[in-house]
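In the block that follows, a single chain appears as structure tokens, in the form predicted alone.
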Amino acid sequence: MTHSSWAYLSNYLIYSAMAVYTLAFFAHAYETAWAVRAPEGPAVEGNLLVKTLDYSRTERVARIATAFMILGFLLLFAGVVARGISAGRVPWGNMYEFSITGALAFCGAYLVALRKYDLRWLGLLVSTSVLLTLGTAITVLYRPSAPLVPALKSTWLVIHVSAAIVSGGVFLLANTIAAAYLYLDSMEQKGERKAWAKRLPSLEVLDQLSYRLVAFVFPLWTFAVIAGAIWAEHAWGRYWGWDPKETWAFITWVAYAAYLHARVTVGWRGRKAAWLCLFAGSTFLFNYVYVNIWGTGKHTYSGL
């Protein structure tokens, strides 16, 4: 196959992944909506019709939704690999490639965590986020497959960017869980959880899971920042220049370090910790979206 053939194959695989993720989205939406139903009799509690949960009737749909998520991941993985083959390099040379690989990392983090934790309820949010990322990538950020610019031809591209992509995927999963914590907490503050929300984990479980994900991946993000500084010295003759990309990467590091410090030494839990986690995640997203697309500096040529 020629390089152009691999590029076309990559595009088809990514379009196919989007189609499968769309099916996963609808399956998860059906699972969420139809798990709540009214009872078959005139059962009432006071003057209110009692709603019950029937998970058995959506269990098959839930398993199909997870299967779609796995299939979408495999198709997206193949699309990323084909993109790399078409360009003759690792597929992280511009914002389009970073976005499709970031979506892959986000979904991969969800599927790995799903093996240990009951996170299937996050499938609707994960599939939506992946679809939005891929949709933006193919419509706004797409660039034809091409060789790297000279400054990016380094082994550090593989080391630095791969660490950043994996870290970003896990960070975003932790932020999604923190957002779910805040939503459920506000619901409980007003009274009992709604019927569909009773199936979700307790606030304590969500709080601990978000913390564990951040604590697990923070050392990798630290390594990514250090590796970026070493690469900058090789490419530009200085370790740190307060380029907008570098500055916001450091701000993200400080924000997540503050989150971990607040939990371990100050004892922050629950709502305050969740808000701090979301703040840290917002700095990462700002760096990824605003600085990459509209910012200026030495990183703008690559979108990295």
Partner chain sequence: MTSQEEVTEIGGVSALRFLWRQLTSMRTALILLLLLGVFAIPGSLIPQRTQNPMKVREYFVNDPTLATWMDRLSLFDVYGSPWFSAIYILLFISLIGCVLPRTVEHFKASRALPPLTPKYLERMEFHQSWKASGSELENARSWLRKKRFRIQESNGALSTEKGYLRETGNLFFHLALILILIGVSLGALFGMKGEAILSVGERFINIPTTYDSLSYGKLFNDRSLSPFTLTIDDFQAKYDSLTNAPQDYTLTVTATDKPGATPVKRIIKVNSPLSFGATNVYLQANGFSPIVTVRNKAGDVVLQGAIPFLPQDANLTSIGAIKVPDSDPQLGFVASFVPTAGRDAVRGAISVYPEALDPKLLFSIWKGDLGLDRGTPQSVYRIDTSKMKQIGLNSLKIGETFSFAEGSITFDNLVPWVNLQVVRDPGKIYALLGAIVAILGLLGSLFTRRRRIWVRVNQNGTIEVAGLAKNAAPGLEKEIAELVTHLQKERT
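Keep in mind the model is a prediction, meaning the values are calculated, not measured. Numbering follows the first chain given and starts at 1.
Not pictured, yet referred to below: the form predicted together with its partner chain.
- For the marked spot (6, 15 and 106), a heavy atom within 4.5 Å of its partner chain in the model of the complex is absent from each of the three residues.
- None of 164 to 172, 230 to 238, 181 to 189, 198 to 206 except one has non-hydrogen atoms within 4.5 angstroms of its partner chain in the model of the complex; the exception is 230 to 238.
- A heavy atom within 4.5 Å of its partner chain in the model of the complex is found for exactly one of 77, 121, 142, 223: 223.
- For the options 29, 278, 62, 258, the residue carrying a heavy atom within 4.5 angstroms of its partner chain in the model of the complex is 258.
- At least one heavy atom of residue 242 is located within 4.5 Å of its partner chain in the model of the complex.
- Although the partner is absent here, residue 71 lies well away from its partner chain in the model of the complex, with no heavy atom inside 4.5 Å.
- Using a 4.5 angstroms threshold between heavy atoms, residue 66 stays clear of its partner chain in the model of the complex.
- Taking the partner from the other structure, its partner chain in the model of the complex has no heavy atom within 4.5 Å of any heavy atom of residue 131.
- Interface residues of 263 to 278, taken as those with a heavy atom within 4.5 Å of its partner chain in the model of the complex (partner not displayed): 264, 265, 266, 268, 276, in sequence order.
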